[in-house]
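One chain follows as structure tokens, the form predicted alone.
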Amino acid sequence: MSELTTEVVVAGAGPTGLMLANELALAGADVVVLERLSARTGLSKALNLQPRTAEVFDLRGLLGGAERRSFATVGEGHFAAIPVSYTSWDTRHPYQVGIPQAEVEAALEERLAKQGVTVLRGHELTGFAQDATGVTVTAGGARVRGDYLVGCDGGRSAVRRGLGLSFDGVEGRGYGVVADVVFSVAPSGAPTQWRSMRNIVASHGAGVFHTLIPLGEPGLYRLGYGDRLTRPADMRAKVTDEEVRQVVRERYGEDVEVEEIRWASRFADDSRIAERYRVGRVLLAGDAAHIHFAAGGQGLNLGVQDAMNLGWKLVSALRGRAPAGLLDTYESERRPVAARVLDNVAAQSALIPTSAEQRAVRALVMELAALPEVEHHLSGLVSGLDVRYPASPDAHPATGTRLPDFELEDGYASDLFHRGGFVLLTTRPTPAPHPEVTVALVPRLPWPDLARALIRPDGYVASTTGSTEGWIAA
């Protein structure tokens, strides 16, 4: 059995694991990524980056590469299939980036390789044991010793199960299927470009839905269908080509011709969250920590933002720069965010009309969503732009909020975060409050009443005084 030594072991090479590994490597940490699959699947899976994730990618200089791999720019989001605009938010990216998950993973793994990190594929985590100084992981004939282990290994996480953590929540009633389908004769009126969320989701009776999204290649569409009120007897049964073809015939007519079904997958609408995100030197992120129905297109985005929050905190702990309790703020900050997403997904599910009363409620919500204040609130929920981390009661209102990107003389504020450290933005010459802080003199700040703001590596305001207390050890 081969033996490796590293600082952080990341289990899982999906978007969450790859983003976390990139954050760790960027900060100079030694990281080993273990992945049970022997090769990337190439499956499209998730299809979007929400505005906040676009901002996160921009903070690390990743957005350009992702947009080159994208197939669409979608000018709005949706809440329970009710379109909501992002334009009321102060963001340079008031849109969704239409990009298959496979391309997100490819872009992240390409950046990771440039940092000298290779994913160890065909290495399924089969066990781990932690002690006072580290964690020993066994996977695919290898033993890896690290200071920390992070489970980014999906909804059936072996790391979460190994910790014995409960995964509490709600067992859903329904299911969905997604399939990438190539039509030789497409359904009449099918869009050829994905630019809007309007008319993307349609209903056929109580709980029954279908979607059709063009994926940028002639004839290629993401077909989705399911029933939010009933489930098949065997949720793990393979989705056959004939099942997909039958749904196409029923929904779109006999004249539609399917040339190829590239892949198909069935999924449940359960919502669950891990009771804890950290047990000693072992942590959870992404779907290993939370799962939910794909309402609003939030899942991949939630995991990437977990990784962005955790990466710099882990490195601070490794380097002895973390004040007491800093690593625990990963759970105290991110778990409530996930719980809130589960709540908004549940609210979206409640807007599935199964009665005259519910149809009336949905119609009322659609009217309310047209009001600017309501649309702003709903779009903030699904985009991640409204995330605010806890701050002391006497702190400036900006504390704990995301930094809105803004233009500088030679670029944008986001350019200052490509190296992943703390940045003190100041409108007047100011000495660095700590050797780990970069000082940037800027002509203005997004908050007119402030002269300085200390910004965390993940793009959130740590303090408006410039103080590093509680963030970096003296």
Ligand SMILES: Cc1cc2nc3c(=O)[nH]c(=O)nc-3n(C[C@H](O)[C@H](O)[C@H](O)COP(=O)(O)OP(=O)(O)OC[C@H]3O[C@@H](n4cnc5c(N)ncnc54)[C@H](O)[C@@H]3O)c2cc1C
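Quantities reported herein were computed from a predicted structural model and do not represent experimental measurements. Numbers for residues come from their place in the sequence shown, where the first is 1.
Just so you know, the form predicted together with this ligand exists too; it's not on screen, but the next bit is about it.
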_I'd like to know if residue 100 sits close to this ligand in the predicted bound form, meaning any non-hydrogen atom pair within 4.5 angstroms._
no
*residue 13 near this ligand in the predicted bound form, any heavy atom under 4.5 Å?*
yes
*Would you please decide whether residue 34 lies within 4.5 angstroms of this ligand in the predicted bound form, comparing each non-hydrogen atom pair?*
yes
_Check residue 300 for me: does it contact this ligand in the predicted bound form (non-hydrogen atoms, 4.5 angstroms)?_
yes
_Does this ligand, in the predicted bound form, lie within 4.5 angstroms of each residue among 123, 178 and 294, using heavy atoms as the measure?_
yes
_Which is the contacting stretch out of 402 to 410, 37 to 45, 441 to 449, 57 to 65, given heavy atoms within 4.5 Å of this ligand in the predicted bound form?_
37 to 45
*Considering 74, 158, 345, 387, which brings a non-hydrogen atom within 4.5 Å of this ligand in the predicted bound form?*
158
*Given that this ligand is left out here, which of 226, 154, 214, 162 has a heavy atom within 4.5 Å of it in the predicted bound form?*
154
*Taking only heavy atoms into account, state which residues of 245 to 282 are within 4.5 Å of this ligand in the predicted bound form, ordered by sequence.*
267
